[in-house]
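Each of two forms of one protein chain follows alone as structure tokens, named structure 1 and structure 2.
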Structure 1
Amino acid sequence: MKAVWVYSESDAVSNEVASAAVDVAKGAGAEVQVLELGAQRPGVFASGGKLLLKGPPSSPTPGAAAEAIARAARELQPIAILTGATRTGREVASRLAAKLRIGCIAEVSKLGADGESIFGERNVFAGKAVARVSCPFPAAATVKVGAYPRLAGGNGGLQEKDVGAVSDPVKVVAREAKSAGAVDLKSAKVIVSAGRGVKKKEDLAILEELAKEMHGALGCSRPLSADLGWLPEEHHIGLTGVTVKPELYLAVGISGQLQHVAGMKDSKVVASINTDKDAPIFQASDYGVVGDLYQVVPAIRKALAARA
């Protein structure tokens, strides 16, 4: 039976990619198998079950993961290997494409397949257009995170394949866990996002408190994370950052350049605060307030407190 393989370092992302793989498998008359490396995890079982590759460590580097999957793929011949479009997933997919000499389509959503190729859609020109891309089987693909719902589960069994010990030229000398307060913007229903309209780093506390009062998370535009270093990079929303689609996106002091809008344009409701009435962000907003955030934000917090 032909198979579409799914791999991610994250169970949550693996479940999303498995959902995309179902669409590919339907078009190609194949089954879906979720790959596990080194040790079994409690993640989803797809229609074709799980394929446990024994030999690599349970938390392999991208290089080791790609080598283990490539060894198995040379023998078992899957028609497609899908990863999440995360940092690790992108590296694994590109390494697999090189090792197996196959094509790779990147950052795709709305995947499908016919008897000969895999296809999907990806945003181009900073989200202003959508391109349809395809690649003949066998192929690799990275699936845009958040594009698919998580697969609820399946009834497949567990298969094992020993690929032998896997070494990697990259040596991990230390691992540091992210702080407990690390933001998860993809699952946030409300996001308060800060831009260059915030005058100094200390003022971010105002927006952080507003986000908490709205049971949401704090995001930012690229300059605040990449240029000024006021917030960690996982807060950065945009074309080169995180893509989000919360129920409410509140842009505070953000001009609204294409690169930022590409990362939040699918939000259910967008509201903006900016002193410039001609700021591009208003074109992407459902509601807008032309005003100083240092006056508008306290007024919002006061109104929220009155309703509590």
Structure 2
Amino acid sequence: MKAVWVYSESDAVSNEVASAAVDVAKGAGAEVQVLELGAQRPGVFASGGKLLLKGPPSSPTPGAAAEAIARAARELQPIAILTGATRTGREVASRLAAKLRIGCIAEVSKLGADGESIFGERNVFAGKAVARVSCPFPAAATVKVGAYPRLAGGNGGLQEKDVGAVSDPVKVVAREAKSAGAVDLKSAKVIVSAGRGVKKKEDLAILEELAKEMHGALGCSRPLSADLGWLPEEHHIGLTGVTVKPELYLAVGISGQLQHVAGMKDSKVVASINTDKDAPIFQASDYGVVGDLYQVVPAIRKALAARA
């Protein structure tokens, strides 16, 4: 039986990718196998079956994960290997593709397959266009995070395969969670996001207050975290930062570069405040206010207080 393999270092992402794999397997007449490395993972679900690779450590580096999966793939010949498009998942899939000399489609959603190829859709040019991409089997793919529902159960049968010990010359010596108590932008229903229109770091306080009053979280565009360092980098929403899709995204003083919009364009409703009526953010918004954030934001807070 032809197999589509799924691997992610994260249980939640693995369960998303497993949903995507079902569509690929259906089109190609194959079955889905979800991989576990080194040890079983009770939080990882599979609609078909699971394949436990013995030999690698249970929390492998991307290099060790790719080596273990490649060894198994050379022998068992899956038609496709899917990972989540996380930083680790991109590395694992790319390394696998290079080891196996197969193509890899990136950041895809709407996956499918026919008898010969895997295909999907992805954003390109910072979200200005959508490309349909395709690759003949055998192929690898990284699946866009958040594009599929998480499989919530199912375990199928468990197979085991010993691939031997694997090691990586890259050694992890420390791991630290990004700023404790950091806002979880991914799960926030409302996000107030700050841009270069904010004149001083201290002024972020009024946006933080506004976010609090809206029961939301504070994000920012790249310059505020990367160039000015006013907020830690995990607040950065955009192509190279966090991708979010809240119910309400309120962009304050953000010009709306494509790289920023790429990180928030799946939001349900987008509202923006900017002094420049031609700012590109208005093209990406449902509601726009041309005005000075230092006047409009206090007025919004007053309007919110009046409702309460």
Partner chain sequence: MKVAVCVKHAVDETELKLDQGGRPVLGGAAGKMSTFDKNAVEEALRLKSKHQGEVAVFMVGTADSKKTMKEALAMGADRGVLVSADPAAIDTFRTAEVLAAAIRRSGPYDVVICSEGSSDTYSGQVPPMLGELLGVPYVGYARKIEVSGQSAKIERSLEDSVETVESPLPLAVSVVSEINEPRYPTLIQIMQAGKKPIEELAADAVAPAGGYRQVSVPSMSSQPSTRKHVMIEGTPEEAAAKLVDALVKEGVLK
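Heads up, when I say rigid core I mean the largest set of C-alphas that superpose within 1.5 Å between the two forms. Since we're looking at a predicted model, the values are computed, not measured. By convention here, residues take numbers in order along the sequence of structure 1, the first being 1.
Note on provenance: structure 1 matches the form predicted alone.
In this overlay on the rigid core, A165 has a C-alpha that sits less than 2 Å away from its partner position between structures 1 and 2. For N274, the Cα coordinates differ by 2 angstroms or more between structures 1 and 2 after the core has been superposed.
With the core superposed, I300 shows a C-alpha displacement of at least 2 Å between structures 1 and 2. Relative displacement of the E209 Cα between structures 1 and 2 on rigid core alignment is 4.1 Å. Per-residue C-alpha deviation between structures 1 and 2, core superposed: K199, 2.9 Å.
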